[in-house]
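Taken one at a time, structure 1 and structure 2 that follow are two forms of one protein chain, written as structure tokens.
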Structure 1
Amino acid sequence: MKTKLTLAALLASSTLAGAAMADVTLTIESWRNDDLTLWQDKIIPAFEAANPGIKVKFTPSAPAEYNAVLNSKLEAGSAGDLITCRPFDASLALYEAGHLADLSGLDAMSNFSDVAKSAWQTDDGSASFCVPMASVIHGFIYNKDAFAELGIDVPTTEAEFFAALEAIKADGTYIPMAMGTNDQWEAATMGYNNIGPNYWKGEEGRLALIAGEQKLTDEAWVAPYATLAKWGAYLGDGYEAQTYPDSQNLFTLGRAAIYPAGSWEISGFNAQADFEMGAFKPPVQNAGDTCYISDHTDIGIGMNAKTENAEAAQTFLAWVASPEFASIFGNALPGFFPLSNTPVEMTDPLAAEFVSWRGECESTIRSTYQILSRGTPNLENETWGASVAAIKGTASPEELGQKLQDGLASWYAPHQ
């Protein structure tokens, strides 16, 4: 009787295990719906070939809705096994609520520098909950043909930058710069946080702001708004109602000469534009100044703490941390630069241009992302509105700085 039972149990467990081995399907939650084909055609097949028995499904949602959708799914217990992580507090909150598993024990985490991991760690650095995947670099993409036609050199200082804009505007063939303020975030992300690091000296200013040693009313934090205020004249008619896709299309159709960019645009632009593109980094104030770039940790991937396929999910995460993934990802998605310690050779010239700045300039991340957007009002969202107001000229840079500082000081102790 006893043997029979054991036998049955063995049988049952082996069939169960067999079924599990054959049937493990991992679902990935992501906001990168632009990358759907890339995952389906390149990344997932490469992983499945190396790991038979594990199937992967990439199920992205719209970027603007991702956080809300993901939070609801996690609360309801219907989220996928792997979660693409937004940097900093959004993911930290998920970890603290017990939705993301602690990955500190994963061997492959040693492939990343502390800076790379910082976006997905607890404040004291004791636990890491997402494997860093990629960063994006800010700068300006320009239409090389247009620059050649008008005889404009690539600007390196701010004076040259505005001289170039003025020359394009005077000629009239092209809209000098393609950016709108309708969706608001471009003004902050591609405006303020693009040119800003040169003013507040990258990490130095950012960390001082977090420590409370600098204020948003300081010259270094207000000056970028004064510069943005000068952009308005070069953005083309009706920029107030111009959306983000409008700007992308204006540039790729060849109607605008300069596009304030994040490197994530590269693959889309390569597919759309039929002219040659180049990139230049945010102009410095005086020739020879140290340059600072925003090299922003943008995507990580973590594991749903309640997944039933923890083992398979960890296999996938270890693979994501490997140089093999970095190479596939970095080259398939030019503009998303892998964060792993092994450098990846970029084949795309535009992406290579962007990543080369890492050698020339000091890297930093967006000023509002770490810690400072924890309270209400939310500093990042406030910065969107402030950058738009600066460009439209509806408020003076000093007023904007004061408003942001008041908002931050209302909840953030080091500023009180």
Structure 2
Amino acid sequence: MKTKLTLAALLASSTLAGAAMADVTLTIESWRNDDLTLWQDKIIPAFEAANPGIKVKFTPSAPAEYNAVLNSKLEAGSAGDLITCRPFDASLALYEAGHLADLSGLDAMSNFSDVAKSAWQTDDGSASFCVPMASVIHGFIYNKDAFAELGIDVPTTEAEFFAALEAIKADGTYIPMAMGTNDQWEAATMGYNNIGPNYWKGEEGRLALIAGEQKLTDEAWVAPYATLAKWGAYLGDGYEAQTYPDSQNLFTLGRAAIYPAGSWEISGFNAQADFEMGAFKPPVQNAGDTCYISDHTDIGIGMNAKTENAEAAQTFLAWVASPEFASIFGNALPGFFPLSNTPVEMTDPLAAEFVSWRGECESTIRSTYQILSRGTPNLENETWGASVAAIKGTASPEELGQKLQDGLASWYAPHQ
């Protein structure tokens, strides 16, 4: 026999349900404490307006402390409902420890490409545990005033690129390119992994290297070091002792014409430079070649596997995959580009230039970040040293390729 509910009972149950929904508060763990105002003023109000009954709190930790703080909270069962994810192994370890939920069944994951999802998947791609939020894109930022003054066109091929550097050097007004080798990582990140994808054909070469089908002694992996070897002549006096902040200052003070860049520089450069800036993508070897860009996965967000608010958390994650979130995030943080398949119109002209390359070139990620830097020697760190050695000319490109290959083969089975 069915029980007939009275109107009063229906209203009461509806009120209780509404009260229960109103009580749902999601907490987000993150290392991006510099983003706190953005989340509080823009992202959270937009989500809450569209999803009454779900409140959100953004509770970041200091970047250097995030991993330790998050792990201790997860072990203690006190972590937030949503976990901001660093790319690759740090987040994979959280998933394998049972701390992050498998989001493969979330419909919104279809809004992202395989490259976008690769930073937050198991090695075999069978499980995805974070929704991709943003990437950074590599290329070159240049001083438009300097180029106009010297009558230099934006280069598209390597021959044009080196001709531009030579012309800037010959004039003597500007340092041709601002990058030092003191801190090492820039030489690999803004050097080797910036220009390299045009040689190893982006994902084709990167995945072949992981599979053991290509080696670091192959021409595609050695040739970028030969190109980097030409850079030293254009980096200015004392580049060997020049730090990352030194390079930033040289460019924003107008003393250097070109800056090998990651798009994360855009906001800072906009605030500091009093000249108009442009950007150009890594030059191809020959006119008409397919171009490849390092469109490197930087930040994602996942769900605590032990959250008591799974339904609300999934609602938030689906919203993060939406065009609305992408537009808010991408324009509030120019240079951190949304990864969803829906194009976002960028209001910042420099950011718009960087992101336009996605429509012209094939996207890939940094070659050393997935799987290949888990052993000793660490391929990422070894690539830092090799890139510096190439620029300084202290080892030949072939010697560098052989050293890196020997190191990888010493621990990585597909290369043995």
Partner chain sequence: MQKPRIRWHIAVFLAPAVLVYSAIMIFPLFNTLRLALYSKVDQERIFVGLQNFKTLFMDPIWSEQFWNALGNNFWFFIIHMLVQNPIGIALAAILSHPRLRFAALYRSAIFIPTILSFVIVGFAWKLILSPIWGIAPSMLDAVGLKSLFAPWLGKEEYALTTLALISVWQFVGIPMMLIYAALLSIPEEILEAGEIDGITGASAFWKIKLPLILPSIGIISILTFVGNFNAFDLIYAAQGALAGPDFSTDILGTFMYRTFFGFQLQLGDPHMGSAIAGAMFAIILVGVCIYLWGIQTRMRRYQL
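Residues are numbered by position in structure 1's sequence, first residue being 1. In this text, all values refer to a predicted model and were calculated from it rather than measured experimentally. Here, rigid core means the biggest group of C-alpha atoms that superpose within 1.5 Å across both forms.
Engineer: Can you spot the form predicted together with its partner chain among structures 1 and 2?
Structural biologist: The form predicted together with its partner chain is shown as structure 1.
Engineer: Tell me, please, whether between structures 1 and 2 the C-alpha of residue 375 is shifted by 2 Å or more, with the rigid core used for superposition.
Structural biologist: It does not, since the residue 375 C-alpha is displaced less than 2 Å between structures 1 and 2 after the core fit.
Engineer: Can a Cα shift of no less than 2 Å be assigned to residue 81 between structures 1 and 2, given superposition on the rigid core?
Structural biologist: It does shift by 2 Å or more.
Engineer: Can we say the CA of residue 30 moves by at least 2 Å between structures 1 and 2 when the core is superposed?
Structural biologist: For residue 30, whose C-alpha is compared between structures 1 and 2 after core superposition, the shift is 2 Å or more.
Engineer: Provide the displacement, in Å, of the CA of residue 55 between structures 1 and 2, taking the core as the superposition reference.
Structural biologist: For residue 55, the alpha-carbon shift amounts to 9.4 Å.
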